Ligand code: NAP
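One chain comes next, on its own, written as structure tokens: the form predicted alone.
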Amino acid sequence: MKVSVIGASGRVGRTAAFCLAEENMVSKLVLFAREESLEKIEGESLDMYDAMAAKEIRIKILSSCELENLHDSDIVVITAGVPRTAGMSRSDIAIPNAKIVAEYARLVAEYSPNSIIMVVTNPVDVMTYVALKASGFDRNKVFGLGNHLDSLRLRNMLAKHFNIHVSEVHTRVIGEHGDHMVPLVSSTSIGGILIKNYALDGTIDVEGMVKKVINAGSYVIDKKGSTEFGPAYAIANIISTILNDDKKILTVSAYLDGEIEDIKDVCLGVPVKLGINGIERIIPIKMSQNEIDAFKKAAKFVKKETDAVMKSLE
């Protein structure tokens, strides 16, 4: 299996590439960056080779700025873009990043037409739509990191709150990867028990946890300048699911055509079944009325942002 990471000179790109190599799931890994960053990613590949030797993992790592090296990729991960800095929202970088993502998506379609595109660049829901339209790929072949990372963050917070192993927590965040994310509290369970029946003492503050999840990225950026490990391992988790054909249900940003609450022509974080061919199915979900209202609000917001970005690209 071959995976190419576009934007491998950035923190998320290089760390995601390392995670992919470390998990021993690919035979060929391409670190792709602009020509001016070539020496940097060459250094990254040498450093990774040393680490893989320590773990006795055999892998071919290629550092490149030549588009021909994207050829025959099974998955292309787009992380390139203007990074979010302290005080910036994801929307602040939408238009400049859309130009970058659109150009790379067109090039992926040209040089690796049978690949799957995974978008990480923020704002990821809007960028997923941009990549889908620019590539011309089928919608099952293009998706974004979406709310998978948000779901992991909420899961971790609940595990800490109940002092229980994280594997016992089953929860999901959908909607926008941003302020309009929607936690599916109504279907959250601990050890198979719905949280409303588990937390009988009423001590859990889910709303407070969700606010922490919404601001988690900003909090990390304020402290260390950028996020890297959380997104990188979430990326590797999704790619592993696809390459191993695991048929797991994960929450990624996907194009909707009426599958959930009749919402159409927008990319949002929703539960999907992932396999070797990408998105195999968008999973219909039953939500509480509050969750439905919040999801529709998220769709309206992202659609408005997407329309503005697409108009700028014209």
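All residue numbers refer to positions in the sequence shown, first residue = 1. All values reported here derive from a predicted model rather than from experimental measurement.
The same protein has a further form, the form predicted together with the named molecule, not shown here; the description that follows concerns it.
K.L.:
Counting only non-hydrogen atoms, which stretch in 67-75, 160-168, 224-232, 109-117 is within 4.5 Å of the named molecule in the predicted complex?
P.N.:
One stretch meets the cut-off, namely 224-232.
K.L.:
In the predicted complex, do Gly81, Asn97 and Val124 all reach within 4.5 Å of the named molecule through at least one heavy atom apiece?
P.N.:
Yes, all three are in contact.
K.L.:
Is Lys55 near the named molecule? Define near as a heavy atom within 4.5 Å, in the predicted complex.
P.N.:
It does not: once the named molecule is placed as it appears in the predicted complex, Lys55 has no heavy atom within 4.5 Å of it.
K.L.:
Val185 near the named molecule in the predicted complex, any heavy atom under 4.5 Å?
P.N.:
Contact check for Val185: no, nothing within 4.5 Å of the named molecule in the predicted complex.
K.L.:
Is there a heavy atom of Lys297 no more than 4.5 Å from a heavy atom of the named molecule in the predicted complex?
P.N.:
No - in the predicted complex, heavy atoms of Lys297 and the named molecule never come within 4.5 Å of each other.
K.L.:
Any chance Ile174 has a heavy atom within 4.5 Å of the named molecule in the predicted complex?
P.N.:
Residue-level check for Ile174: no, no contact with the named molecule.
K.L.:
Select from the listed residues Lys286, Lys264, Lys60, Arg34 the one whose heavy atoms reach within 4.5 Å of the named molecule in the predicted complex.
P.N.:
Exactly one residue meets the criterion: Arg34.
K.L.:
Enumerate the residues of 1-24 that have a non-hydrogen atom within 4.5 Å of the named molecule in the predicted complex, in sequence order, or give none.
P.N.:
If the 4.5 Å heavy-atom criterion is applied to the named molecule in the predicted complex, 1-24 yields Gly7, Ala8, Ser9, Gly10, Arg11, Val12, Gly13.
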